[in-house]
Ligand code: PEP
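The data below hold one chain only, encoded as structure tokens and taken in the form predicted alone.
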């Protein structure tokens, strides 16, 4: 059995077809006719853009506009004036078109690949896809096509690029396995959009698996079974039938309010990373956006986005949502999120360093530009501002003072904005949790970032295999901190949400109901599942479960207890 990251739910059973990488080797030669070589590169780029545009049109039909926009983003990359300008400089210095274009692309790939942040790393995949696409045209090599594979195919690749998936027939693909990628990679996004079971980051998958191998993919557990026996095959076919049945049953929760079995109503929001994702929030029946991660607007650029560019992005998301809430988190960089256009300095301990609100308060021009854009966009919808990584009351007060200063400037310029825009904070450090009673008096709302809160509370990096056993929201200390944060919010009559991965964890939902959480913010595909799990608990039953869980002393005990409770309750229903 092979193991990887489960990124797209479902059971896939089929035969392997390897999407083998093509050789793009070329002879590095010194050119003398530099003008002709520049024209060669420009023609290849033009051809690349035409092909990519057609691929995006195919993808829009087969998958959807959001996924097609991934490919259209490749056109933006190749049109970057710096990229092409530097490539032309290298050609003028004697490099061939292939060598010049590859060298500049490799520079970007190195920068993006060095980040620990999955979303930033994904940019290296985009640039590599662009690089390979242009090189194929320069070298006269046809690209890999997955549109004609037979029914029941399991695609296995080192890296599945967006261009490889254009024109894909989802009815013929039983599953996807790659050696790279994570939850936010394009392979994962496309697999979920196509509803194809997928397991990524399977070590040496393209080396171990062979064309024609029969495999089973469990897109929920991240397991890949090679050459299953008859018992395994029958077991997983039954799981496949059950998964399809359960998914259909979730549809009864579409269009319903989010209500517990005892009648308490909750807000069920979505987390998004760009304006187009707001369409996903709507299509998956989200009740608004609880977290708009604005740092992704700053990626893939050599300069920070202007005020007007940000304004348009926030307005697009707000107009898509209509009257539904849109909570925009201000720039959260540093830690594992490196953004090249901002020129962050290397730190020995970036998670404890100049990140998120600390960076913004030190770099006022960037912060003010973003706040002005959000305030200007606030007339287009139900927009709120949320500050990341608040650790002391001074950070909240200084941010509010800055917002009031910008409001005054906008009034003087006769620019409209929402005078009563709400200002909330992410509570994701032990420090903020300890003074949550103080912060709740001045913040308009709380949102618990369970990922960072768990890491900071347990003093462990979830990406470090040696200490990852400590990284669990079910640690007693993390649960007690979450309970305190929610208590302080309730005492001060402000809403409190959770927007980390734990908000969609079925085992944690009864505890969050008992603690008094008022809002859940999850990935769009998780909406109906979370609505279902909220609906099965009464407040009284959730309180009893929580009382027992909070009396236990270890994460393992809590996990086993909640697992048993959930299993028992699910079988009863």
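Positions refer to the first chain, counted from 1. The structure displayed is predicted, hence computed values, not measured ones.
In what follows, reference is made to the form predicted together with the named molecule, a form of this protein that is not presented.
Visitor: Are all three residues 291, 329 and 499 in contact with the named molecule in the model of the complex, where contact means a non-hydrogen atom within 4.5 Å?
Guide: Checking in the model of the complex: 291, 329 and 499 are all within 4.5 Å of the named molecule.
Visitor: Classify residue 472 as contacting or not contacting the named molecule in the model of the complex by the rule of any non-hydrogen atom within 4.5 angstroms, answering yes or no.
Guide: Judged by the heavy-atom cut-off of 4.5 Å, residue 472 is well away from the named molecule in the model of the complex.
Visitor: Is it the case that residue 197, even though its partner is missing from this view, gets within 4.5 Å of the named molecule in the model of the complex, heavy atoms only?
Guide: No, residue 197 is distant from the partner.
Visitor: Is residue 126 close to the named molecule in the model of the complex, meaning a heavy atom pair under 4.5 Å apart or at it?
Guide: Residue-level check for residue 126: no, no contact with the named molecule.
Visitor: Do residue 280 and the named molecule share at least one heavy atom pair within 4.5 Å in the model of the complex?
Guide: Contact check for residue 280: no, nothing within 4.5 Å of the named molecule in the model of the complex.
Visitor: Partner absent here, but in the model of the complex, which of 409-417, 95-103, 281-289, 423-431 has residues with a heavy atom within 4.5 Å of the named molecule?
Guide: Contact-bearing stretch, as computed: 423-431.
Visitor: Find the only residue in 218, 395, 295, 88 having a heavy atom within 4.5 Å of the named molecule in the model of the complex.
Guide: Residue within 4.5 Å of the partner: 295.
Visitor: I need to confirm a contact call. Of 161, 450, 132, 384, which residue comes within 4.5 Å of the named molecule in the model of the complex, counting heavy atoms only?
Guide: Spelling it out, the residue with a heavy atom inside the cut-off is 450.
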